[in-house]
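What follows is one chain in structure tokens, specifically the form predicted alone.
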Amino acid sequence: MTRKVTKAVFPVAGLGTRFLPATKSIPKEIMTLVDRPLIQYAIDEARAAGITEFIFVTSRGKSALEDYFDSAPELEAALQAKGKDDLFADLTATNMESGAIAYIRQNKPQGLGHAVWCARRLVGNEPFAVILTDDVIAADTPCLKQMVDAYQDTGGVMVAAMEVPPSETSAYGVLDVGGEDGALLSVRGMVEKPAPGTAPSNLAVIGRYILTPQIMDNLGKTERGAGGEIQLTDAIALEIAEGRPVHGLCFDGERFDCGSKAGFLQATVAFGLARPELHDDLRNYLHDVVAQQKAAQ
């Protein structure tokens, strides 16, 4: 019987240099899409998938992340006193129960694989999820929930996958697919950031994973790979080499790369348009901007 996935690791130790100077004092994961920080979207997705234990791999300067999930008694009392029930509900929904979140430090930036490995003692001998907050996915059924449902039939390792233009494969981990069953892919190989023209497919790994505890052992003996870092892709590739099942799931939804400024802006527009109270004003503004640009050409 496949064990239930109840733990998730959130690697949030990165410096966020592409968003300087904002990230000089604010962790990138606290930057907001509309009125919710990136980390809230990730936590909400994890909760919808049945995750009950949340493991944050952090670094210096990330204390705002810890504060965000703590209670704010004075603010909560003020909202209640003013009868702002909707805002009070939104605020208290961000609180996490004592003991639900654990924090582990990654002292040196040595890659995603190393960040995941830092959580090995808290993960223990259980399957676990990994969520990268840079990848925000809008979907009717949250992406990780889609993966957890599929994982009940497959077991092993599962990664989220999506098609990217062949010209962009060098920026991703790329799957070598052995077979397809609808959205489910049988994976026979993985390559991290392949040189242009050498990718085995245009199916890229996106920031959602379900991993076995064996991955931690693999990471412990994985040598530095692409970029001189310990790559999670290499540890997963070892699972394939040793004959254990690895699957990809072509998830249903739209992914936004919020690790880039352009992707962050695109996500802001998309999530703003999805909010009924903002849709009309934002749509009209965008329509006017496009019309002005066309008139100026």
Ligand code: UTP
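All values derive from a computational prediction rather than experimental measurement. One rule holds for the numbers: they count along the sequence shown, beginning at 1.
Missing here is the form predicted in complex with this ligand; even so, the following discussion is about that form.
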So if I measure heavy atom distances to this ligand in the predicted complex, which of the stretches 198-206, 129-137, 67-75, 83-91 falls within 4.5 Å?
129-137
Check whether residue 274 has any heavy atom within 4.5 Å of a heavy atom of this ligand in the predicted complex, and answer yes or no.
no
Should residue 284 be counted as a contact of this ligand in the predicted complex, where contact means heavy atoms within 4.5 Å?
no
Is residue 218 close enough to this ligand in the predicted complex to count, meaning some heavy atom within 4.5 Å?
no
Does this ligand come within 4.5 Å of any heavy atom of residue 24 in the predicted complex?
no
Out of 174, 112, 158, 185, which one falls within 4.5 Å of this ligand in the predicted complex, going by heavy atoms?
112
Looking at this ligand in the predicted complex, which residues in 15-32 have at least one heavy atom within 4.5 Å of it?
15, 16, 17, 18, 28, 29
